[in-house]
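Next up: a single chain in structure tokens, the form predicted alone.
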């Protein structure tokens, strides 16, 4: 099968979070399963310098964007057999310091940027000599592709467009813009209705994808159920319930080429289930790097996260305030809300021998934290899939998670199965409940035999992309069978 995957970020070229990891790994896994995969993403600043082997394609975009035309070029990179990446070069839109924002402020022309990206994807899907069997788009930044393809079929003579699959990575981010932004789509007015892309008088890009995609997936089975509820539906739960027959939850896999302590190039001491000694060496090395007292006695907790309400960083601050009187250390790598950045920096100032904070994103340091930590904190308010808890399992960092979304699907608590327990779960969204879970971790740390058992279970847990690819293949086949359906079919 030929699959065209479109995303605003794809690892290893660009990344702000799990979206990039997932799309990059899925493309690789599809190619290794014998499919032909093509990735489409913007050519952001610095990509060409880091990947000098990419080549300019003899292709030129000249596409309408409201009352003007925007030009762009196309670059390509053959990544491995069956996998090619395409890059949209439009310096005015994409040659910037950030992907979505700068200095914690979103770019004011994000609607222009990503509507244009969606138009480029639809254009390539229609005119590339390599014709895809399915177009797979991700999140709001490319969610207009299905409606653009449908319009080109009905009004512009595109006789047999491929079906569209939309993956929702985080329903909280929908790409909602003022009504006049709809003009940038160059779609006729009959698409701007409650049955189309209109949402309380505004343009909603993600809603457009939900309405017009042939099949919709989320990144975990539980999250697929959660987003059909008022609590997690962000105003789209009714629409998603109407489309629930076309809504699937597929748990993400992990790219173990990138995330495996047995051969991780970012850590100084590799280790594995049968050679565990390197983990202690990684802990001592990270303590030294982050300016914490070195030693094995204090359990080391870690978090790598966007500092946003979704991630539970508010209750984590409260729980740490309570628990730092005990014998533990905590390391944070992340950035986001300036209020949370200040809160964690203040915690490090007050507890310099117990807390180390790095306000940044550093891929290599993220690997070193996973390798060093005894426990990994992930107290999310909601979590569509989560990848760090899966990385933590492979690295023997016991995850402490709130039972929501993909966290609940991927971590096993002692109360669920004592023979396979690999993590600690809590349910109530509160600092008190998280502090109680941390106390359980401290008790576990005092029982070395039980801790080793947890680590063995954790490191044996495998989230195979081969499994996920099989499920996506079924989703693509379903999309093809629904290709001729009407809106909200």
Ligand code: ADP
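Just so it is clear, the structure is predicted and the values come from calculations on it, not from any experiment. Positions refer to the first chain, counted from 1.
We do not show the form predicted together with the named molecule, though everything after this point is about it.
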Stretch in contact in the model of the complex with the named molecule, which is absent here, among 117 to 125, 290 to 298, 310 to 318, 101 to 109 (heavy atoms within 4.5 Å): 310 to 318
The one option of 257, 230, 156, 360 with any heavy atom within 4.5 Å of the named molecule in the model of the complex is 360
Of these, 334, 161, 343, 82, which has a heavy atom no more than 4.5 Å from the named molecule in the model of the complex? 334
Since only the chain is shown here, I'm wondering whether residue 17 would be in contact with the named molecule in the model of the complex (any heavy atom pair within 4.5 Å). yes
Contact of residue 378 with the named molecule in the model of the complex (heavy atom, 4.5 Å): yes
Within a 4.5 Å heavy atom cut-off, is residue 391 in contact with the named molecule in the model of the complex? yes
Residue 354, heavy atom within 4.5 angstroms of the named molecule in the model of the complex: no
Could you run down 371 to 386 and flag each residue that has a heavy atom within 4.5 Å of the named molecule in the model of the complex? 378, 383, 386
